[in-house]
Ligand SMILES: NC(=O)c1ccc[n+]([C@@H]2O[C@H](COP(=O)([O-])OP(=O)(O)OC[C@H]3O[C@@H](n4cnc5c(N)ncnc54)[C@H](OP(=O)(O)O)[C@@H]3O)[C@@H](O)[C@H]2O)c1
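Quick setup: one chain, the form predicted alone, written in structure tokens, and binding and motion questions come after.
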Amino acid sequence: MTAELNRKVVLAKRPDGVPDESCFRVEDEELAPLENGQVRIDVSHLSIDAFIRTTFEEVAYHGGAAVSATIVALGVGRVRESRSDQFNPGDAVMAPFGAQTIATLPDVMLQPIDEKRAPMTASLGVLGMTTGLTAYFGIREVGRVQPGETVVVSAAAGAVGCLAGQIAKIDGAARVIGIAGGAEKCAYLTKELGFDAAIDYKGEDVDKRLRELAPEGIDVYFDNVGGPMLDVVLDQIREQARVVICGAISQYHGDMSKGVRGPNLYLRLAERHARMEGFAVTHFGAQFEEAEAQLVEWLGADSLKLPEQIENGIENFGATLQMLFEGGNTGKLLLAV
């Protein structure tokens, strides 16, 4: 029997630090009749992304969520009912569904998924805006990795980090070094994903190991972490290095409107004629189609791999998001609802 109740996760209170399950509440709501132009979707999987944490602030780049509002999240699913001539029942689609089991949205918000080129969940991972496209543009358009260069990636065992390192190798980097938490993750990077080396920040001296692994310095740093790690790498950049600011997960635990820790060693940029550039994937919207085609080609040639870690149950949304910030996942973290 088709469910007639939507289960959604709402923000119960604004977190102080890493959000725990007390910050969320699961509510049931009845489904209203569809209006013209609307589509109803059975949500299959949600993408668990670091940016979600930023929406818990009252003022945020990705939009602040109101207390008691449905949590923002990207997802994939299948159309169950449609009052749009653009979509039919059974169609696979992607959209910002929110953390809920059934989404009702205007058709203009939906993106069709071609399941012939990749499984549905790839639209949140290898081909996803917050994952594959972010890694692609960060490495190619911002980092501009050149053959023979040394590239360092932080949070390298996360979804974006896994792909950023692999794309850097595809583009000819002579040495790709990943920084990750734990020996198991580091082994995965080198043995399965083709990283040349990996540093366990939980058990090794990152500064010392970088000097050993990249004695001539670092050409490109793909930064997903921010905080003290950024200073460690800035101290070892080469002339005309590029520092790509993709994210700063170490800084997402407080009220970012009141400030975050910036780099103390930013003058290394001036001293070494280097640059630091931040970006959001939405800045490259005109190039999405081209990037997706390239990612599909690499995926088909087995040049890219991205492990998926799938947790289950909409009631476990809070625990799964907490897992992301505590480093409990490898690769793309998804929630099957």
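Since this is a predicted model, take the numbers as computed values, not measurements. Residue indices: 1-based, along the sequence shown.
Unshown form predicted together with the ligand; subsequent notes refer to it.
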The ligand is absent from this chain, but in the predicted bound form, do A159, G327 and G331 each have a non-hydrogen atom within 4.5 Å of it? yes
Distance check, I102 to the ligand in the predicted bound form, heavy atom within 4.5 Å: no
Non-hydrogen atom contact L127 with the ligand in the predicted bound form at 4.5 angstroms: no
Quick one: does G75 come within 4.5 Å of the ligand in the predicted bound form, counting heavy atoms only? no
Under a 4.5 Å heavy atom criterion, is A180 part of the interface with the ligand in the predicted bound form? yes
Partner absent here, but in the predicted bound form, which of 90-98, 128-136, 207-215, 190-198 has residues with a heavy atom within 4.5 Å of the ligand? 128-136
Only hit among I167, V176, A155, V220 for heavy atom within 4.5 Å of the ligand in the predicted bound form is A155
Name the residue from V79, V225, V243, I113 that puts a heavy atom within 4.5 Å of the ligand in the predicted bound form. V225
